[in-house]
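What follows is one chain in structure tokens, specifically the form predicted on its own.
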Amino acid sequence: MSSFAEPASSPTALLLLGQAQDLGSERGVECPGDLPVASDPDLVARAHAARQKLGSNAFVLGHHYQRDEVIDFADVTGDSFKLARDAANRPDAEFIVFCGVHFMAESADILTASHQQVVLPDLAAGCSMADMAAIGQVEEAWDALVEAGVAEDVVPITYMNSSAAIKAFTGRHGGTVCTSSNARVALDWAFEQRPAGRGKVFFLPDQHLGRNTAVRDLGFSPDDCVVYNPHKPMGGLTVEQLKNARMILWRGHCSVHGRFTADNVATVRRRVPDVNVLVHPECTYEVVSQADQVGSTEYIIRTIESAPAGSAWAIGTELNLVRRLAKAHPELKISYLDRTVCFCSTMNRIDLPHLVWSLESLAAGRPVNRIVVDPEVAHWARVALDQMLALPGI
């Protein structure tokens, strides 16, 4: 079995950006953005050989947004938190190969045992949303809340899509972590921690998930939410605004879900009769307020799996997943909500060359790209994660 040096980051996720093509019009599927085949025809065989050599000593996790060529080699698929828990439930596997992005691999390292090593096939696979909240900025923001005299009323909640350092900050300040599936439960818990009418939530780093959950699920007014801009003094807010707010939202967003617009919704309704618009809660409030259904990645998958044959769906989430759902359900008419191609460019850095390189390196006894979280950070991040696990329904 041959080997090769660490590959350069693959540009294939960007090659077709902005191009739209119908990949299945013969069965009513409108889902643009096919990816080129792997440049090396031997890669698939090499991946199989490395997986066979590693056996149960390696456990490969594939996030739903990964391309098919990577998902084909995953032992399990899921969202970020499910995959981290799956890794923790496999103590026999010395190596956890996380086909996702950096913050996901950090969570896996926090939740797995000390003898396990978490590997990220490409260290450049980050998350633009997670990167929008640096720990220094968040600590400065907390100091601003103290200065404004509101910190004692605030409970911090960070979305799973955040760095280990931000999760640790949340744990140190008595908060918790949430996913897109349990954000409402987390908010309910947070407001119960403070006297009625006084409680506030400092929600990191995705402003849209925080706002959508507060307004759609808890009945808050959009005026109860303010956005903290870390690039402005006091977040660009007055002391009065901070005192009156119920939700203090970090100025962050998902670069993929933020692309969808209310015009996309209006356009697909004109174009596709009786279409059901199904979107992720990381989309803007303007989009989710016009959608028929809103839910997490797992919710989207379950909804499509149970949809009646012949029904039409426009889905607003990452394109790899939408294409996979369209392929798996030819009995449905599935469209991508935005007809402009948009893969998650950082997620797509985990391509077949990187995966083969990491697997072959492990098989040769040379672990690469290990993700190790500082023990102090890991402790407090685990406190926040354990608090989430204690929430009802988790």
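Computed from a predicted model, the values in this text were never measured in an experiment. Just count from 1 along the sequence shown to find any residue number.
The protein also exists as the form predicted in complex with 1,3-dihydroxyacetonephosphate; that form is not presented, and the subsequent description refers to it.
Residue-level contacts in the predicted complex: of Asn264, Thr213, Ser163, Ser180, one residue has a heavy atom within 4.5 Å of 1,3-dihydroxyacetonephosphate, and it is Ser180. Put simply, of His208, His257, Lys200, Arg323 only one has a heavy atom within 4.5 Å of 1,3-dihydroxyacetonephosphate in the predicted complex, and it is His257. A residue is said to contact a partner when one of its heavy atoms sits within 4.5 Å of a partner heavy atom; Met104 meets this definition for 1,3-dihydroxyacetonephosphate in the predicted complex. Although the partner is absent from this view, Asp122 stays clear of 1,3-dihydroxyacetonephosphate in the predicted complex, with no non-hydrogen atom inside 4.5 angstroms. Interface residue remark: Tyr159 is counted as part of the site for 1,3-dihydroxyacetonephosphate in the predicted complex, having a heavy atom within 4.5 Å. Although the partner is absent here, Thr112 lies well away from 1,3-dihydroxyacetonephosphate in the predicted complex, with no heavy atom inside 4.5 Å. Of the candidate stretches 237-245, 168-176, 223-231, 274-282, only 274-282 has residues with heavy atoms within 4.5 Å of 1,3-dihydroxyacetonephosphate in the predicted complex. Residues from 295-322 that approach 1,3-dihydroxyacetonephosphate in the predicted complex with a non-hydrogen atom within 4.5 Å are limited to Thr297.
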